[in-house]
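Presented below, as structure tokens, is a lone chain in the form predicted alone.
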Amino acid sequence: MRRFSRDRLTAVLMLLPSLVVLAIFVYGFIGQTAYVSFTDWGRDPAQALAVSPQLNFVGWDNYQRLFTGLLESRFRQDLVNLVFFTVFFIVGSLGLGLALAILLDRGVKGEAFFRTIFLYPFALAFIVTGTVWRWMLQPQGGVNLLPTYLGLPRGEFAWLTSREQVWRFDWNQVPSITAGIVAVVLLWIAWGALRRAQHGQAFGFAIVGLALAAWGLAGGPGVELLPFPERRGFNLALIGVIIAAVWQMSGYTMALYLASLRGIPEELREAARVDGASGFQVYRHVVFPLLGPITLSAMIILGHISLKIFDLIWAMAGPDLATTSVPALLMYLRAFRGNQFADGAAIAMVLLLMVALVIVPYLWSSLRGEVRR
């Protein structure tokens, strides 16, 4: 018992410096940022850079202005840009990475060489990737000149400067759209609980999901973000940024998928072929289900990267181009150029909440699985 207590005390003392630094420089600063987001720091230019600024508590006013203020249209478009970027970035990285992994898993000649080539972009910093792709996507040069080598007219697509939008929607529909997405997730969870014979849990999730779906289909009564329609959509200028991001991270997902494919016993595939399964059916019913856990892990990592994306867009388009801007860039401009620290802190907390919505459920599920084992 004494030996156990001594070992435990030694372990605590060894971890204490790291825990103190973590508490101060991570959670302490997060707490300070949260506090600043509820103040008016920066609205008075005389107090913005004062040694001891006089801060007034304004509650949720900064957050309300971001989502419903007449002058905060850029933040709302940046948020829409971030959502579209995240979706296409994750889908593109996973799809291309899986395709490359399947090709390499088939035993092609020179596998080591191709594996190195595909993984090399991941070794680069986003700032380097952004600089190279900015040169390649210049509207007057770069890839737009490739058709000329085949005797065709030069391309005219304005990669990083296009102002055209597609898939436009009214910002006032955001509560209804969000409710619909959450309803689908809850109904999917309810279906999984029902298959595990957890009827009480399935019933609860189903009731909440159906209620949210009905509220969303009714147009979100009781919630009005703006007194007028505000059209938002996917800026085509983001296509170049998405291509660059997928090019860099697809090698990473390829490595994850290739390791998982090599870990699948060949006996399972042979058994499926003996039962008459075609090559496609082997992948659909045997390989892809076994890749589910690694796909979820890759989605979490890629989602975390995309929600915090900053340096790639800075290098490719700069911080002042609204068509490719994301909340992280706007946070920098507000806090460190405009000295509007409360607004910057509020944007930072919104990003933190979005990251938490991605990371926390995954960590909770993983820890619960470890406890069960």
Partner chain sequence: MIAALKRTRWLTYGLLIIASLFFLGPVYLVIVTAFKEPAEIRLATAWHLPQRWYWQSFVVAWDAFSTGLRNSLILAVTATVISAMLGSLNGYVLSKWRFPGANIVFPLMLFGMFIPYQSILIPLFQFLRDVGLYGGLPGLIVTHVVYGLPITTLIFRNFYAEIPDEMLEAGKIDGAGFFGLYARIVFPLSIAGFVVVIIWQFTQIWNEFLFAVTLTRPASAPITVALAQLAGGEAVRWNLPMAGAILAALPTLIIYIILGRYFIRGLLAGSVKG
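The structure displayed is predicted, hence computed values, not measured ones. Residue numbers count along the first chain shown, from 1.
Not pictured, yet referred to below: the form predicted in complex with the partner chain.
When the partner chain is considered in the predicted complex, residue 176 lies well away from it, no heavy atom lying within 4.5 Å. Of the heavy atoms in residue 247, some are within 4.5 Å of the partner chain in the predicted complex.
In the predicted complex, no heavy atom of residue 64 sits within 4.5 Å of the partner chain.
The partner chain is not drawn, but in the predicted complex it has a heavy atom within 4.5 Å of residue 141. Residue-level contacts in the predicted complex: of 106, 285, 196, 262, one residue has a heavy atom within 4.5 Å of the partner chain, and it is 106. Screening 185, 117, 217, 223 for any heavy atom within 4.5 Å of the partner chain in the predicted complex leaves a single hit, 117. The candidate stretches are 264-272, 177-185, 200-208, 92-100, and the one lying within 4.5 Å of the partner chain in the predicted complex by heavy atoms is 92-100.
Interface residues of 126-163, taken as those with a heavy atom within 4.5 Å of the partner chain in the predicted complex (partner not displayed): 127, 128, 131, 132, 133, 134, 135, 136, 138, 140, 141, 142, 143, 145, 146, 149, in sequence order.
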